[in-house]
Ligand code: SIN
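Shown here is one chain on its own, the form predicted alone, set out as structure tokens.
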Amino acid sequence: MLKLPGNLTDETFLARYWQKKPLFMPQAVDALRPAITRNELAWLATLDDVESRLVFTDRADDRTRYRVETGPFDVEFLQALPKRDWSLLVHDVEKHLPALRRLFKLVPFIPDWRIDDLMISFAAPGGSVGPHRDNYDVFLCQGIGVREWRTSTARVAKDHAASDDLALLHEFEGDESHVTRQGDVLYLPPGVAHWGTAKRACMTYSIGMRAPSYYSDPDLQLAEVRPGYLSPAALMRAGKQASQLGRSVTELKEWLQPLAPGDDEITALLDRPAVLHKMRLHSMARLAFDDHRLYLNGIGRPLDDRARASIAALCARRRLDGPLAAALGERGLRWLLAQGAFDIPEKE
């Protein structure tokens, strides 16, 4: 997990900073493991089912503008990129390379259902996506290279002339400026203006948080944090939309839907315990539960009291074994399989 600065504990981070103000954490990570190379990131950007963008910084006549091209990209196009002033961004990396999901363990003090994705960017010197603000929390973890970040909690006006593709702000000096090197982490709550520029070619790993527009949790307590669990306090925060929260936070992007097996294949899997008991949750599946309902990939169903412990274990382990499969029962397993919960092994 992150090494918080000074005497800061998980509890004090939540109380003082979470959804309240930025925090720069120098050398919060010894080394990002697992990591990804520039070439591996570029390969992802050539794939049809991967969301990727290139942002170019165009400087002319004392004016800076930003333009965007969306992937997938041809290999030859990526190989011909200039030496500076561009940034390649690839979203949902952990869904395509499941091993990188381990980086979410850097923030075990945040409920995992709040984590949306791991976005990784590679920026050539001078590369940036421009000054902007996001409507979500993010932990910006610096990999290789050097990047300068400016942040501002003050109101910064929009700059509609800066880009035809991006919602950008006017350039600003900011309240704070940080030059981040490998192992440094910058936390930003929603709405904080920020502007990152690569000083040297660099890689940034962004752990972005998910929440519907009606939800915020600046009062989040460490006691609420259990894998997959939507606490009573979370449902209270959602107010009138409490019944929608589980479906909202497990809903998948249209192009990231796992392929669910048909009825006949499910029956065959249930008859093959040696295969069934080794299956893992699909890297694109989102599973959560509260005290009364189970949510998977945007679909909810009642949760039997007897099944709650096994669902909690599945959320924590993200894989099946014999005792867990037995506790879930045939009916529960059939429903999970039909909704695309598991990565189905190819037939030998």
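Throughout, we count residues from 1 along the sequence that is shown. Treat the numbers as computed from the prediction; the structure is a model and nothing was measured.
Although not depicted, the form predicted together with succinic acid is the subject of the following passage.
Exercise. Quick one: in the predicted bound form, does every one of H132, L140 and T204 get a heavy atom within 4.5 Å of succinic acid?
Worked result: Spot residues vs succinic acid: full contact, yes.
Exercise. With a 4.5 Å heavy atom cut-off, would you call T250 a contact of succinic acid in the predicted bound form?
Worked result: Output for T250 is no: heavy atoms all beyond 4.5 Å of succinic acid.
For this session: Report yes if any heavy atom of T180 sits within 4.5 Å of a heavy atom of succinic acid in the predicted bound form; otherwise report no.
Result: Answer no; every heavy atom of T180 is more than 4.5 Å from succinic acid in the predicted bound form.
Problem set entry | Touches succinic acid in the predicted bound form: W149 (any heavy atom, 4.5 Å) | W149 belongs to the contact set for succinic acid.
Problem set entry | Residue contact check: H194 to succinic acid in the predicted bound form, 4.5 Å heavy atom | Within the cut-off, so yes.
Problem set entry | succinic acid: the contacting residue among L169, L78, M119, A124 in the predicted bound form [heavy atom, 4.5 Å] | After the contact test, the surviving option is M119.
For this session: Could you check which residue among L256, V107, L89, L269 gets a heavy atom within 4.5 Å of succinic acid in the predicted bound form?
Result: By the 4.5 Å heavy-atom cutoff, the listed residue in contact is L89.
Exercise. Looking at 160-168, 124-132, 96-104, 214-222, which one sits within 4.5 Å of succinic acid in the predicted bound form if you count heavy atoms only?
Worked result: Among the candidates, contact is made by 124-132.
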